[in-house]
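We give structure tokens for two forms of one protein chain below, kept apart as structure 1 and structure 2.
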Structure 1
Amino acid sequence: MISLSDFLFLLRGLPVTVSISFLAFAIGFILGIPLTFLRLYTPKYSANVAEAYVKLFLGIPVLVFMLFFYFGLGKYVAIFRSPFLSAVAALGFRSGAYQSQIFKTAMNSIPRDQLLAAKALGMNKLQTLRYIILPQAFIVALPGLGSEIALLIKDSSYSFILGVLDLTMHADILRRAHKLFFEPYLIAAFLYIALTFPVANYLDKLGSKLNKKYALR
């Protein structure tokens, strides 16, 4: 059986896992917003570039990006010499693509007649965006953002392959050091669930509560 000290050892992986996920989400948010605007409101050329960016990250495993950054670009770019930052970058860039998908779907979900009504009131495009589309789209996007955070927490475990000392790595160390082949992983799995479950559920609940309140769907 796993001892208390082993359990405390496992917990030491949590801050790394949380920081990777948090930083990646922040990067994804910073990238996702402009990407969405490029895709929805700019001329074909720039819209297509943004579209291609999203497609790229949808079609290639995030691990390949991590390996590409760390082993490939590490020689040339200082920040990629750090496995931690390579993982954050790969997850963050991908999250930009995913979050842009979430925002785009949310913005497209606003019924057309509302846009017409805004036009009839004499609002310009920017005002319509500011006062009609964004406040509603944000609510619609909440559950999607919740699952995106959960996805980042789970996929931060890929950083273990680069040698980052995250939660998964700590579980693996316990296997190798103490010949514990099952328990460390099981407990790690539950720790991950303890992280993902509240986030995903809270935002999902909040989203549907607000949806109901404003009768958005």
Structure 2
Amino acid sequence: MISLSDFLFLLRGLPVTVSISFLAFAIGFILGIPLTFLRLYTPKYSANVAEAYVKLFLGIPVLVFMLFFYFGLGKYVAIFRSPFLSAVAALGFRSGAYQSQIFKTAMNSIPRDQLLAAKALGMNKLQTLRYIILPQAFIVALPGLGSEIALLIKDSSYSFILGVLDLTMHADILRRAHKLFFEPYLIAAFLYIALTFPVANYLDKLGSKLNKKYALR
């Protein structure tokens, strides 16, 4: 059986899981919008480079990147000698590709007549992106971003393979300490649900509400 002290020990992994997930989301957000801009609004060469990035990070499992960063690049780049930072980087770079897909779909949903109106008013591409496209695209993208946060929280569990003391690693320590299998992972599973569902559900409802309010879809 899992005691209260065991449960509290399991909870000690939550801050690490949350930190990995939200740092990775921040990296993905920083990468996602420029990647989308490159894919949609720049010449073919730079657009192809951005497309190649997206295909690379969507086509290769994130665990492979974690192992590559930590065991491969970690020999040459000091920052990747940290299991925590290797996990954040792998998830963050992958999130950039996912968020680019989300923002690309959102930006493509903006009616073309708005872009033509902005051009008629003398706005350049950057001004149109800033004042017309991005404010609406953020609202349209909210449900997708909620799903991405949930995915990052779940995929952060791979970091325990690198030795990161996240929620999954704490569950595994309990399994080995008490020779249990079912209870530690079951509790960890419910904790992951408790982390992912509220965020994804809230952003999904907020996105739907704002989409209806501003008649974006």
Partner chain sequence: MSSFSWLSWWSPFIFKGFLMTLKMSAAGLTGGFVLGSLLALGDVYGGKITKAVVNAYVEFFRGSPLIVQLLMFYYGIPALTGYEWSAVTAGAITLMLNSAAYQKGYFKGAMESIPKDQLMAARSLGMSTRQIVLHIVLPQTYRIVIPAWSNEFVSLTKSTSALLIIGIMELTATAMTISALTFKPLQVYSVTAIIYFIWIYFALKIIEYIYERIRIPGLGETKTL
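Between two forms, the rigid core is the largest collection of C-alphas that superpose within 1.5 Å. Not measured: the values here are computed from a predicted model. By convention here, residues take numbers in order along the sequence of structure 1, the first being 1.
A.B. asks: Have a look at both and say which one is the form predicted together with its partner chain.
C.D. replies: Answer 1, the form predicted together with its partner chain.
A.B. asks: Residue 131: after superposing the rigid core, is there a C-alpha shift of 2 Å or more between structure 1 and structure 2?
C.D. replies: Superposed on the core, residue 131 moves its C-alpha 2 Å or more between structure 1 and structure 2.
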